[in-house]
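Coming up is one lone chain in structure tokens, specifically the form predicted on its own.
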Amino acid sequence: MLALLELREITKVYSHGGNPFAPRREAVKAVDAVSLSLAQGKTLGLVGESGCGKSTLAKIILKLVNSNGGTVWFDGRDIGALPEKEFRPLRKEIQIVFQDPAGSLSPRLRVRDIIAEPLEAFGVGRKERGARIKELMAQVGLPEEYLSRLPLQLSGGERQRVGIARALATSPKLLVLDEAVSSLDLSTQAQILNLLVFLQRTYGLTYLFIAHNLSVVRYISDEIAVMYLGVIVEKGPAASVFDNPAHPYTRLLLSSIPGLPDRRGKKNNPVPGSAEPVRGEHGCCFYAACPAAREQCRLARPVMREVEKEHWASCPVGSEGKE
């Protein structure tokens, strides 16, 4: 199956300092040689703790920030190399749903105007806009009378449905869902996830689902990529990554899910402080926090190897330490 989205060795470096209080400028790799692919009609779950580079990667895909290296291929085109004038028509094919529906919707605009914005931006006429807006409201399960309401007059779940409708307005091929359900209560999360599954099956949408909630990621994802300090440490089919995690960091993340049983049926408990984001100076990015670290991990950066069919991990010793 051909990839709709393909990332090849994407790197993003930020520098900080250079002021009277921190005169020395230091470089930080927010994204470090990330390579991923996402097939049409599938969902890739990108997981990792806050600050690992997930949102930066999303911004690079959306061309909101430029990478320092690597290429982004979308639908057979190297979009990273396109100037803004040439990329602008493609923006309607890549849309985003934000984490906070209250913060991402203008409090001064009514629902009708919020959904109409992207349609106006791409030159859709008034008559066509009206019909499209009503169609989108039905798709996300909101009554038409909500079109005259302000965001503050809606619940959190209803606001997020408006955000999804806005993202769908231009009939995109790819939706980037950046922590799209993390600010919602559990029952509302389930409703929004079921809506996303329905929309994907009905319209053949492709999702990049960014989250730190592993239970949510497992429910919606076909494949999972685990990110730590800008590096993809494990990736593969969702069932394989969850049932047979090969990297120590992935296993620590899974152990933090309350009540999640391991392969022997024993429930795991969180390991306090064992997965703190401390960057190793050499070799493996997880070396400083890894409970299974060895001398070879400090000296050389591990490469991805296939531990099962289409299941890859960057740990040469992790699988050896599994019980």
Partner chain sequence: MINLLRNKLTLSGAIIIVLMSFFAVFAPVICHYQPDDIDIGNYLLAPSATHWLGTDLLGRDLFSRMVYGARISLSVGLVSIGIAVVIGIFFGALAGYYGGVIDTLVMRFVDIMLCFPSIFLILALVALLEPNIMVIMAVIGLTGWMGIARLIRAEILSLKERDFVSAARACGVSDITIIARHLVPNAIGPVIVSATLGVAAAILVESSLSFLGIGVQPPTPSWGNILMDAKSSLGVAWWMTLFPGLAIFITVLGYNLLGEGLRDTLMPRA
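Residue numbers count along the first chain shown, from 1. Since the structure is predicted, the reported quantities are computational estimates derived from the model, not experimental observations.
Heads up, the form predicted in complex with the partner chain isn't pictured, but that's what we're talking about next.
Engineer: Would you point out which of 149 to 157, 221 to 229, 194 to 202, 104 to 112 contains residues with a non-hydrogen atom within 4.5 Å of the partner chain in the predicted bound form?
Structural biologist: Among the candidates, contact is made by 104 to 112.
Engineer: Please identify the residue among 212, 173, 91, 132 with any heavy atom within 4.5 Å of the partner chain in the predicted bound form.
Structural biologist: Contact check passes for 91.
Engineer: Going by heavy atom distances of 4.5 angstroms or less, which of 121, 239, 186, 138 would be at the interface with the partner chain in the predicted bound form?
Structural biologist: Checking each option against the partner chain in the predicted bound form, the one that comes within 4.5 Å is 121.
Engineer: Looking in the predicted bound form, any heavy atom of residue 243 within 4.5 Å of the partner chain?
Structural biologist: Looking in the predicted bound form, residue contacts with the partner chain do not include residue 243, since no heavy atom lies within 4.5 Å.
Engineer: Taking the partner chain as it sits in the predicted bound form, is residue 117 in contact with it (heavy atom to heavy atom, 4.5 Å or less)?
Structural biologist: Close contact exists here: in the predicted bound form, residue 117 approaches the partner chain to within 4.5 Å, heavy atoms only.
Engineer: When the contact criterion is heavy atoms within 4.5 Å, does residue 95 count as touching the partner chain in the predicted bound form?
Structural biologist: Yes, residue 95 is a contact residue.
Engineer: May I ask you to check whether residue 62 falls inside a 4.5 Å heavy atom distance of the partner chain in the predicted bound form?
Structural biologist: It does: once the partner chain is placed as it appears in the predicted bound form, residue 62 has a heavy atom within 4.5 Å of it.
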